[in-house]
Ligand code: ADP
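Quick setup: one chain, the form predicted on its own, written in structure tokens, and binding and motion questions come after.
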């Protein structure tokens, strides 16, 4: 099989913190990311795209609450499915147009993806996943967490991914050379009861789901595109330090010392560690504009065994 990469787009790359989240803004942001994806494909990579949905699913959930007296609200897992369709549509259309313009003969397809979780996951009692807009003041109506330099954000359960339900269908498409968009927003969390799947309210972290997908497809490389150029130690402090090339042993030491926030860089580092421990060869973390330079070792952060 052609060398293949999991490419994880952050939800905050699609709807940036200071933006309203209009269709036009998100279209422009996805276009910028797709420009880099085209360049990666030109380097000979087959791409499986995953993406976050924190801002989008948070806004959808807010819409449900504001209109609940007029329109029946949908549960969080259904909002996750809606965001998969919304973002998948944007990425699929824009990337397809750019592939055609560049005369690259590849198809793009979005898979509405379910991800199995454990119904007894402790996250359901102690939610930690930030979603929706940032607030200057804490709102005590629901659980919130403070993110350094950004503000307060609502948190919801984020159970650990155990299995990608549609992995076989995704694998077939990847082996055919198609560009697949999967595990949007981390996938729709589902539990299994008496052999039957049932949705459960939560938002799976997209980086952990991306790692699980890579593991199940046998993919050794992952790139995480986010809103910072590098991983940092002491992020947001006067003594912050940029990381460039880091070994698995080194990054685990930094993780133990508490350098990476749970609602921010923490899941990205945990996903990177899991992939490397499961036989992965490398994880690249950077911003979209530096994606190619990061692959060339000229920018961003590279995590290796």
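None of the values given here were measured: they were computed from a predicted structure. Between two forms, the rigid core is the largest collection of C-alphas that superpose within 1.5 Å. Residue numbers count along the first chain shown, from 1.
What comes next is about the form predicted together with ligand ADP, which is not displayed.
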Worksheet item: Does the 4.5 Å heavy atom contact test between residue 226 and ligand ADP in the predicted bound form come out positive?
Response: yes
Worksheet item: Quick one: is residue 264 in contact with ligand ADP in the predicted bound form, heavy atoms, 4.5 Å cut-off?
Response: yes
Worksheet item: Is the gap between residue 231 and ligand ADP in the predicted bound form 4.5 Å or less for some heavy atom pair?
Response: yes
Worksheet item: Hey, in the predicted bound form, is residue 235 touching ligand ADP, heavy atoms inside 4.5 Å?
Response: yes
Discussion item. Please pick out the stretch from 265-273, 248-256, 58-66, 31-39 that is in contact with ligand ADP in the predicted bound form, where contact means heavy atoms within 4.5 Å.
Written reply: 265-273
Discussion item. Where, within 193-207, is there a heavy atom within 4.5 Å of ligand ADP in the predicted bound form? Residue list please.
Written reply: 206, 207
Item to complete: State yes or no: after fitting on the rigid core, is the Cα displacement of residue 129 between this form and the one not shown at least 2 Å?
Response: yes
